[in-house]
Each structure stands twice: as structure tokens, then as C-alpha cells.
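Okay, here we've got a single chain as C-alpha cells, the form predicted alone, with questions on binding and movement later.
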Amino acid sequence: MASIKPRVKAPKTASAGEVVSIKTLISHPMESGQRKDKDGATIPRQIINKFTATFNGAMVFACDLEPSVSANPYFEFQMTVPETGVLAFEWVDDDGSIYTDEKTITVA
């Protein structure tokens, strides 16, 4: 895999109190550590093990991932937009790498 890249789709504007859909996808191999390569050696485990989304610092979605999750994990969730703010997303990899993205939603 060339690079691990998060992608997020969120509305740029919303009305106060509106429920919006947030969609996230991260390009990641999600290797379980149970497969073998062509030489019979175990391929090391490499998975995103935690995903969180916050809005102005308050948690709106979080989950722990296990090796059975497929490559390129996709999440979709809904949230209520109380005010203008920043959605911050964080994916944590087994090796300690952290991948982030942010989107601003403006209350119009």
C-alpha cells in the first residue's frame, strides 16, 4: 500500500440543531497478523485499533477495531450540530502512528 490516507465527507454548513451524516474512510491494509506471505512467514499485524471523532473537543463517535475489520475501514455516523465548530478525527495504528483530519461545520 502506497500511503495511509484518511478521507472525510462532512457538510460545510448546517442549521443549529440539525442532524448531519459524517462519512469517513481510511486507506489502510488492516493486516490481521494471521496470514502468511509466499515464503510462509507470518505477515506482521498492522491495524487501526482506535477511531475517534470529536466536535469542539466533545466526543461524538468512538470505536475500537479488531483484526477482523476489513482493509480500508469506512464509518458513517450522524451527529447533531449545536454550533459552528471543528470536527476532529483520529485513527490510531498498532505501531503508534496517528492519522488525523479536521473539517469545520459553520452554523448558518
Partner chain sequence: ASGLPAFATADAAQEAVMAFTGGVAPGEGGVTLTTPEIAENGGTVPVEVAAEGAAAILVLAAGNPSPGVATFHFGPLGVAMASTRIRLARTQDVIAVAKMSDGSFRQASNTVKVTIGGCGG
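The structure displayed is predicted, hence computed values, not measured ones. Numbering follows the first chain given and starts at 1.
There is another form of this protein, the form predicted in complex with the partner chain, and it is not shown here; the text below is about that form.
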Does I43 make contact with the partner chain in the predicted bound form, using a 4.5 Å heavy atom cut-off? no
Give a yes or no for S27: in the predicted bound form, does one of its heavy atoms lie within 4.5 Å of a heavy atom belonging to the partner chain? no
Close approach of K38 to the partner chain in the predicted bound form, 4.5 Å, heavy atom: no
Residue-level contact is defined here as any heavy atom of the residue lying within 4.5 Å of the partner chain in the predicted bound form; does V19 satisfy this criterion? yes
Can you tell me which residues in 61-77 come within 4.5 angstroms of the partner chain in the predicted bound form, by heavy atoms? F61, A62, C63, D64, L65, E66, P67, S68, V69, S70, A71, Y74, F75, E76, F77
